[in-house]
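Take a look at this single chain, the form predicted alone, given in structure tokens.
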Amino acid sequence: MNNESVIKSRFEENGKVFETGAPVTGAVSIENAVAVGFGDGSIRFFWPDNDPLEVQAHSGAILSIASSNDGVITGGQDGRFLKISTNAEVEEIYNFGTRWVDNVAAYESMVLCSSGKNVYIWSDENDKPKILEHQSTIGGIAIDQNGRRIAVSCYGGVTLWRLEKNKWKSSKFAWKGSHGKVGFSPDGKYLVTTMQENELHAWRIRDKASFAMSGYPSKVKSFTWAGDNPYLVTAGAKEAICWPFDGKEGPKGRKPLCIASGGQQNATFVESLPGEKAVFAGFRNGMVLLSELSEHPNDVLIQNPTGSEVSNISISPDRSHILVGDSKGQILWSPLWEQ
């Protein structure tokens, strides 16, 4: 690809590009930085006003990353569950040996991870981890906004754990097939999972009513929530597919809003712009667009095609900068607004 003939976006003109040489596997906003995990086990912290700080944390790929009280927590192929501060201090929470740490999550002083079929929970009240056992390998974990419910996806559906009188009690939300990433809707009323098939599944928690969101040309690798209503915004198609979750039935029987057209390319990552009714969509060829949540959106080009799949888009906590990472390890770090 001859990039010299490509007209750069203002984000590419005003930003910095870093070639790290390792795939971007995840990123989170933390304090005033964006922390990025890589396939070589390293983490880099990006700040608006300083050079990135690199920390070699794992021997092997970082499989999961989440923000915590005083830094980030990570899980790796090396079986280690780590806490890493923004000044590069690394603390090992637990070592699972040869078993990968696939998923991590945190809420206030509580941190948790999954390895194999189990979820392990550490909190101020307990020295040893509380173990939640499941019947198959865990695909994803999520904590609700109050820290009182944990959703765990596996083969066959989701187990929802509720903290009642200092004990975790479970209920099952069943649907055949293998479930991956899981999340709660912003109002806490729905559970959503990605699936091995080219679709998502959702349950209304109060009565376990469920429905599929299907018709995608490829596997859905990413979803996010955007807007006041809200919309569930998903990758996996040639546009960002936005399912309405307002009303009593959510998206059941309703058509999604389709924004951010990638032409012949499928979207691989989506992220909302906090405080705005707008969504970023990254595509298989490296292009990134910003699009409004409307019937007639205006797409803004953030990044031209690079030839590598977009694997993460993150916004700094103060909304000043955007970070775009891809499967080859290229990072675009750019001011979000005109100076």
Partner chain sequence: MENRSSQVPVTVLTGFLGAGKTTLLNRILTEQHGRRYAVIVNEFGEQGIDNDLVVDADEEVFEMNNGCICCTVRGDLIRILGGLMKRADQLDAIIVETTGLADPAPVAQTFFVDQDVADRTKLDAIVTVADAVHLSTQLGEHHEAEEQIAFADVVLLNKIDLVDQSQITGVKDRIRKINPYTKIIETNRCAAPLEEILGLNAFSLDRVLEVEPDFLDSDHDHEHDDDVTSFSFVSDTPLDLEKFEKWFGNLLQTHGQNILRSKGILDFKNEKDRYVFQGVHMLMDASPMGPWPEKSIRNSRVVFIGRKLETMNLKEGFESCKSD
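Positions refer to the first chain, counted from 1. Since this is a predicted model, take the numbers as computed values, not measurements.
The following text describes the form predicted together with the partner chain, which does not appear among the structures shown.
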Name the stretch, out of 60-68, 296-304, 46-54, 274-282, where some heavy atom lies within 4.5 Å of the partner chain in the predicted bound form.
60-68
Under a 4.5 angstroms heavy atom criterion, identify the one residue in N229, N95, S214, S136 near the partner chain in the predicted bound form.
S136
None of R99, R162, K208, K252 but one has a heavy atom within 4.5 Å of the partner chain in the predicted bound form; the exception is R99
G286 versus the partner chain, in the predicted bound form: is there a non-hydrogen atom within 4.5 Å?
no
Within 4.5 Å, heavy atoms only: does P317 come near the partner chain in the predicted bound form?
no
Do T25 and the partner chain come within 4.5 Å of each other in the predicted bound form, heavy atoms counted?
yes
Counting only non-hydrogen atoms and a 4.5 angstroms cut-off, does Y155 reach the partner chain in the predicted bound form?
yes
Contact check, 286-308 vs the partner chain in the predicted bound form, heavy atom within 4.5 Å, ordered by sequence, gives none
